[in-house]
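Take a look at this single chain, the form predicted alone, given in structure tokens.
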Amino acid sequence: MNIVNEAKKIIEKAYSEGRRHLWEDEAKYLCSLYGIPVAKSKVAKSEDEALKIANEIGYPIVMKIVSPDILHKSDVGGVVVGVKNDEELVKSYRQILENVRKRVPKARIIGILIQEYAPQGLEVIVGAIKDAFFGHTVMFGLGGVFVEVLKDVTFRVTPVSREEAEEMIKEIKAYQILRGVRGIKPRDINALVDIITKVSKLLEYHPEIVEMDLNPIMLYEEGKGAKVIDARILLEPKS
């Protein structure tokens, strides 16, 4: 399989459907093509399809509404975490749809994302933005709510080498947390370096990406890797 061509098919599919964004499962698949570790996921458009996907992935799972009109899914009751079996899945599937239709009645619903449940780790973010002058810039920092509250982030223009990725990680104020402090075990910094450099490579091959957010990425203890939980990719307008 030609990775670049396979990735371009995903992007062209979005354009052909009049979209400038990738659905979350598309964004994750694109990342996985470049070796970025992502939580397994697939969009279900019916209860039966959701049950089939969940049993393929294996319980427990996470369920999330997929809609171009909903940015913060949990705010509208569009997320259920830790679904343990078929019975809970059916109940959660119906509850998510009921919540969304009640709170955002005009939202277009594409389906429900069935996602592998990933254990909790230290939440970090790797993102990117395309500037008209500098091109792509990669960003790294603590993830989840920390990126909004602390704004402890660092940047590099692509291409980003392993050495530069290591420098990025060391530059944030919270670097000591990654190294391990006061009962917190050291995190897998090598896995984080891999993700940053692979994101840089992905952006080099796909200049039509204008924004990218992998947040949160669960960063596990040293030697245990990392996993992307949420992925968002925005494309430039089709020329």
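Given the structure is predicted, the values throughout are model-derived calculations rather than measurements. Numbering starts at 1 and runs along the sequence shown.
Unshown form predicted together with adenosine-5'-diphosphate (ADP); subsequent notes refer to it.
Student: Is Y117 part of the interface with adenosine-5'-diphosphate (ADP) in the predicted complex - any heavy atom within 4.5 Å?
Tutor: Looking in the predicted complex, residue contacts with adenosine-5'-diphosphate (ADP) include Y117, since a heavy atom lies within 4.5 Å.
Student: Heavy atom to heavy atom, is R187 within 4.5 Å of adenosine-5'-diphosphate (ADP) in the predicted complex?
Tutor: No, R187 is distant from the partner.
Student: Does V79 reach adenosine-5'-diphosphate (ADP) in the predicted complex if we count a contact as any heavy atom within 4.5 Å?
Tutor: Taking the distances in the predicted complex, the answer for V79 is yes, it comes within 4.5 Å of adenosine-5'-diphosphate (ADP).
Student: At 4.5 Å between heavy atoms, is V157 in contact with adenosine-5'-diphosphate (ADP) in the predicted complex?
Tutor: No, no contact at 4.5 Å.
Student: With adenosine-5'-diphosphate (ADP) left out here, work out from 170-178, 29-37, 64-72, 188-196 which stretch has heavy atoms within 4.5 Å of it in the predicted complex.
Tutor: Of the stretches listed, the one contacting the partner is 64-72.
Student: Only counting heavy atoms and a 4.5 Å limit, does any residue of 193-224 reach adenosine-5'-diphosphate (ADP) in the predicted complex, and if so which ones?
Tutor: N215, P216, M218, in sequence order.
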